[in-house]
Ligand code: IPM
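Okay, here we've got a single chain as C-alpha cells, the form predicted alone, with questions on binding and movement later.
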C-alpha cells in the first residue's frame, strides 16, 4: 500500500475551517485509492509568529522537508494584529516567500474555470462569457521583484527612500517558459505571453528567452500581449485566452483579477511546483473578518486538494471526481455566501455543508478499476 506524508499548514483566519473540509476529501481519496496518508498539521503564518515567535517555525520546516506534498491555507491577520509583528517577520515575508524559496516552487498553476452553467456567478455580461471560461494561468513564482534585493533608509539629502530590484536570468525564464509551452501543447496549442517589454528590460530578456524555448514547440502558437492590455481583455474578452504565462508580479495581479471575473477568489485554487516538491493553496486571503463564522467558501481549498491528488500523487481520475463533486454542489442550486449575492437563485449553505455535499457526491463516484 503506497504511503504519503502530507503537511497541512492551516494558516490564519478562515484557514483552519476550510482545511477541515479539505481533510474530509483527502480521507475519502485515501479510502478509495488503497493508499495511506499521514496528515500532519504545522504552524504557519501570523498565528505561528504569535505562538512560536516565528511565522515559519523550525518544526514546520522539518515537517515540510519530510512531506511528499504540502497543503497550505491562507495566511495573514487584520491590520491591527499584523502591526504587532515586526515588518520582516510578517507572514508573507517571514513564511510564504521562505516556503517558496526553500522548495524552489517556481511554477505556479492557477486554473480560471467557470462552467457554462455557472456564468451567473460572474459580474461580466452573459454574452461576454457565454459557454464559460477555462484559462490556465502560469506564473513564475520565485524570481522578479518579490525576490530581488531590497534596500531602504535615508539618502544623502536626508529623504527616506526604498529600492527594490526586479531580477531574472535566462535559466529562470527558460524553465517557466518550458512549463508553459508543455501545458499549451496539451491544451489548445495557444500560448499568450504576458510582458511589458515597451518599458521593462526584464521583459525584453523574458521575450528573447521565451522565443528561444518556443523553437522546441513549433506546434504552439505564441501570442504576445502587454500586461495592461491583458488586464483589459480579461474583462472584455476572456474567452480568447487558454494558457497565459507571466512573471511573478504580473501573475499575482492578473490571477486576482481572474478571480474577480469568476465572481469570487473563492473559486481559485492553485498548485506551486518545484523540481522535487510542490505545495497547494487557495489563491485568496485569510478573511479574518469572517473567521469562525462557518461562511467561507472552501472551493479553492478543495480544488487545491484535487490538484494535489493529480500532480503529486498521480491520481488523475480521483482528482476528476473531486472537480465533478464540487461542480455538482452548484448544479444542485447551492452556493456559499460569497457567490449567493442579492438576486441570486442559489440556496446559501455553510462551509461545512459545502464540504459535506462534495464528500457525498465524491463518495458515490465510481472507483478506479482494479
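Since this is a predicted model, take the numbers as computed values, not measurements. Residue numbers count along the first chain shown, from 1.
There is also a form predicted together with 3-isopropylmalic acid; it is not shown, and the following applies to it.
Asks: Please name which of the stretches 277-285, 223-231, 162-170, 121-129 has residues with heavy atoms lying within 4.5 Å of 3-isopropylmalic acid in the predicted bound form.
Replies: Selected stretch: 277-285.
Asks: Which one of 192, 90, 110, 113 is close to 3-isopropylmalic acid in the predicted bound form, taking close to mean a heavy atom within 4.5 Å?
Replies: Filtering the options by heavy-atom distance leaves 110.
Asks: Work out which of 210, 96, 254, 77 lies within 4.5 Å of 3-isopropylmalic acid in the predicted bound form, going by heavy atoms.
Replies: Looking at the other structure, the residue within range turns out to be 96.
Asks: In the predicted bound form, does each residue in the set 324, 354 and 361 place a non-hydrogen atom within 4.5 angstroms of 3-isopropylmalic acid?
Replies: The answer is no; none of 324, 354 and 361 reaches 3-isopropylmalic acid.
Asks: Can residue 103 be called a contact residue for 3-isopropylmalic acid in the predicted bound form at 4.5 Å between heavy atoms?
Replies: No, residue 103 sits far enough from 3-isopropylmalic acid in the predicted bound form that none of its heavy atoms falls within 4.5 Å.
Asks: Does residue 217 make contact with 3-isopropylmalic acid in the predicted bound form, using a 4.5 Å heavy atom cut-off?
Replies: Contact with 3-isopropylmalic acid, no.
Asks: With a 4.5 Å heavy atom cut-off, would you call residue 146 a contact of 3-isopropylmalic acid in the predicted bound form?
Replies: Answer yes; at least one heavy atom of residue 146 falls within 4.5 Å of 3-isopropylmalic acid in the predicted bound form.
Asks: Pull the contact list for 123-143: residues with a heavy atom within 4.5 Å of 3-isopropylmalic acid in the predicted bound form, in sequence order.
Replies: Just 139.
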